[in-house]
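What follows is one chain in structure tokens, specifically the form predicted alone.
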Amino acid sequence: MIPGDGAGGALMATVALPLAGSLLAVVLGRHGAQVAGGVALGVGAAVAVLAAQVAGGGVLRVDLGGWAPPLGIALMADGLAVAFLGLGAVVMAAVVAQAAALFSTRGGESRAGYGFWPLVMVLWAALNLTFLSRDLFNLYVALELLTLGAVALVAIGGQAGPLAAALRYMVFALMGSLLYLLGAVLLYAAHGTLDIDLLAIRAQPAPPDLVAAGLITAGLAVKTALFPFHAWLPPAHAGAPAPASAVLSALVPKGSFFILWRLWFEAMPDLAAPPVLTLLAGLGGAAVIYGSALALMQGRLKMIVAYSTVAQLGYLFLVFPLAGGAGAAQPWEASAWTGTAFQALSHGLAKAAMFLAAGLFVMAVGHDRLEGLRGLARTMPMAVFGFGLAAVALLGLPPSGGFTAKYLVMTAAFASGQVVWAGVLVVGGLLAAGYLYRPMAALFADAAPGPLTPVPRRLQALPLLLAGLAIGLGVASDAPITFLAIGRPDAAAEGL
């Protein structure tokens, strides 16, 4: 482990830069895009330095103010945290590039153009803090900032539909926050700390801790849009501007799931009773089936992609029975744990690519109804090809990162004798083929599109780049697998 003295500058920069950028964007107004571009470069450089530090020296830990827990708050960067920081940096860079073009076409400063930049950078700072923090109350603060930024981005256009979606999102988010906070209060009353590492030592399978873990889990499940708490997600993601939708789908649900992951694998591994883990995976499996079925019924591209998010997030919850349970390591657990990390990373890249591509289609056609997208492959080949590559990653076809994810998780399912979860992967893949075929068939239809607004090729390259990275994650999977193993919890240390 690398100590924090002098080595944590890059770690702190990943949170401080977007937070400072959000304040600067408020002051500079119409120059917010330039501020966000500079922040994207700075955070990208900080994540690269941080990745080199962790790869070379192991887990990096910083005690804020020099005070160690329980008096102080610790930040920690392991392989998993840095990988998610990297996902955020790549997706945010593409989002900033497309949003700069989108809001610059509105002719002068608008409410959406002014508000987008500080909101998206506050959200980014909160997201990075979520990946790094080791204190459950600090994580609660980060979650609240994340939620407030996300809700505001949904409502930023001011239309009635997105405003209603934002209100629904806020109601669900407040319910999740209340449950989380109640659980954190119970843990603090019982143990006098909310530090993850100290809780791992002090937590016991006793009623107070079990109730607290259940409350926190329920709150995080609501914020992650796990079935049946998913009702806020599709209208919110479909109603927001495309760059905001990319952030909301690719990154925001990963923050709450990331905390849930830390809770059950690091803070309370001994409390992970099989019935609880099976329940989480069962809800995840239901999300895969239900979200896919609803996606098949949609006539708008952004609604298809939004319901696909409900389904794809369900896959993440299969990790709990396959790689958790009483803190006892099993030979297949590293496979499930690493496969889930690959699923989260691949989904983030692919889903951001899809929403950015959908935004370009809307820019060209004026709407996202499937019948109006026929033949767009002729005039927007780069964006359509990027959408197609993202579909390959979501389907889990080789050689994408999605294929590596599903292969690892399915291997763990068969090795552990939990074949039902392998069945969920197969059925979910078949349903995904069905709902993704419809937009692909429209885009590649032998038809001449109607009057189009020209879309610059540099913008079409953005979804293609993100989707290419989702494919490359599977092609060059050896290095990411090795990096993710840095600081992996003991409960998932064994592997096939």
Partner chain sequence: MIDPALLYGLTGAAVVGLGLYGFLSLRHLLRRVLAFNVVGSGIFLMFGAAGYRGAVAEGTAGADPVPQALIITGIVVALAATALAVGLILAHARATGRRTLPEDDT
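Positions refer to the first chain, counted from 1. Please read these numbers as outputs of a predicted model, since none were measured by experiment.
What comes next is about the form predicted together with its partner chain, which is not displayed.
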item: Full three-residue contact with its partner chain in the predicted bound form, heavy atom 4.5 Å, for F137, L186 and L194; value: yes
item: Non-hydrogen atom contact I201 with its partner chain in the predicted bound form at 4.5 angstroms; value: no
item: 4.5 angstroms heavy atom contact with its partner chain in the predicted bound form for R262; value: no
item: 4.5 angstroms heavy atom contact with its partner chain in the predicted bound form for I289; value: no
item: Contact test in the predicted bound form: L123 vs its partner chain, heavy atoms, 4.5 Å; value: no
item: Interface segment, criterion being heavy atoms within 4.5 Å of its partner chain in the predicted bound form, picked from 162-170, 86-94, 352-360, 381-389; value: 162-170
item: Position in contact with its partner chain when the complex is considered in the predicted bound form, options A293, L174, L397, V420, heavy atoms within 4.5 Å; value: L174
item: Contact residue in the predicted bound form, chosen from A100, L283, A364, L181 - any heavy atom within 4.5 Å of its partner chain; value: L181
